[in-house]
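Next up: a single chain in structure tokens, the form predicted on its own.
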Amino acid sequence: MTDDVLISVERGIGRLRLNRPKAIHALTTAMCEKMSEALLAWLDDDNVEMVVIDHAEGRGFCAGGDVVMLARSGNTDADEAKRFFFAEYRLNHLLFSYPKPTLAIMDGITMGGGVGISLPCSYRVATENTRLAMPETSIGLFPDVGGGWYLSRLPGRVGQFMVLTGARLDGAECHYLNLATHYVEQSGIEDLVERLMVAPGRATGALGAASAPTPEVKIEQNLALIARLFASDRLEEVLAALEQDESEWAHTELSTIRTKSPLSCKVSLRLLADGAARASFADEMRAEYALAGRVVRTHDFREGVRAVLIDKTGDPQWDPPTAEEVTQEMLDVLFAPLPASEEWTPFPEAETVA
């Protein structure tokens, strides 16, 4: 059996290399736990000056998490799903609060769980192959792994646009929106890692030397439309604004949102509204953990995974089927905090930060 995460220390760099190429490096509970164990061990290891996270082979950085497992767990008591979320969110928070420099190389598909281990990093490298998205509303889930924190803090209403449409951003767009700190062509990645190993304490210089000019930023021309048409935190009002707009772009995005779970869309908008006001990333993880454990047991999540990933019929039957039928009471049940004894908690070593 090949290790799903390759862990090594070389010339001052602690490396975490995702290694599940057939699953586009989708995260499992064991992978999250292994990475956290290494990061905790490196906290007091003077041989590790910085951490680099990338993928070992194959296409894509990380396609997310094991959602088929989550859906099967949601069909029963959801205990396995909760164990995954607990471990994954601890890893996310540990990276967010990590005292040593961290760098994620987001080369290729970077979605869901891949976003969760990238955005907390000090440095985030995008390439011409980067396709970053939070497409969870397509399968009845929501943008977790800190989505409520990061996406609510993007300019204008780009975060809300991303979660409702599942839009895929390329490397130039990621750099423009500061989801990536640097844009490096894929052909320059190997040289970048070598430069970092030569001088781990001079990461900024190595990244500057490796960076390339970004191509055209496609999303820039639509920012005004996004800000206007996605201005509301009410799904019904966003749909109405898109319906009333005469642009082809609006009609295309409206058609896309109509394919998503109305419940998930409303959950996602509320998560971002709440996340914008949270005081700490730990508070975000605590709230998302309570929400995730409930959402995996909903009809829409299990149906979305069936239709999109298992049977691949592409015809999920959402319930409720329309935005108007998703009530405030339904959302309140999903968003209720957990009892203190069941809450998510960070690693003690990461509690004092973030």
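As the structure is a prediction and not an experimental result, all values here were calculated from the model. For every residue, the number given is its place in the sequence shown, counted from 1.
One more form of this protein, predicted in complex with a small molecule, exists but is not displayed; see below.
Enquirer: In the predicted complex, is there a heavy atom of the small molecule that lies within 4.5 Å of any heavy atom of residue 284, even though the partner is absent here?
Expert: Looking in the predicted complex, residue contacts with the small molecule do not include residue 284, since no heavy atom lies within 4.5 Å.
Enquirer: Check residue 9 for me: does it contact the small molecule in the predicted complex (non-hydrogen atoms, 4.5 angstroms)?
Expert: Contact with the small molecule, no.
Enquirer: My question is simply whether residue 64 lines the interface with the small molecule in the predicted complex - judged by any non-hydrogen atom within 4.5 Å.
Expert: Residue 64 belongs to the contact set for the small molecule.
Enquirer: So in the predicted complex, does any heavy atom of residue 135 sit within 4.5 Å of the small molecule?
Expert: Contact with the small molecule, yes.
Enquirer: Looking at 45 to 53, 286 to 294, 308 to 316, 323 to 331, which lies within 4.5 angstroms of the small molecule in the predicted complex, counting heavy atoms?
Expert: Result for this chain: 308 to 316.
Enquirer: Report the residue, out of 111, 179, 71, 242, that has at least one non-hydrogen atom within 4.5 angstroms of the small molecule in the predicted complex.
Expert: The residue from 111, 179, 71, 242 that makes the contact is 111.
Enquirer: Just to confirm, with a 4.5 Å cut-off on non-hydrogen atoms, which of 95, 139, 163, 115 contacts the small molecule in the predicted complex?
Expert: Checked against the cut-off, the match is 139.
Enquirer: Does the small molecule come within 4.5 Å of a heavy atom in each of 20, 23 and 26 in the predicted complex?
Expert: Yes, each of 20, 23 and 26 comes within 4.5 Å of the small molecule in the predicted complex.
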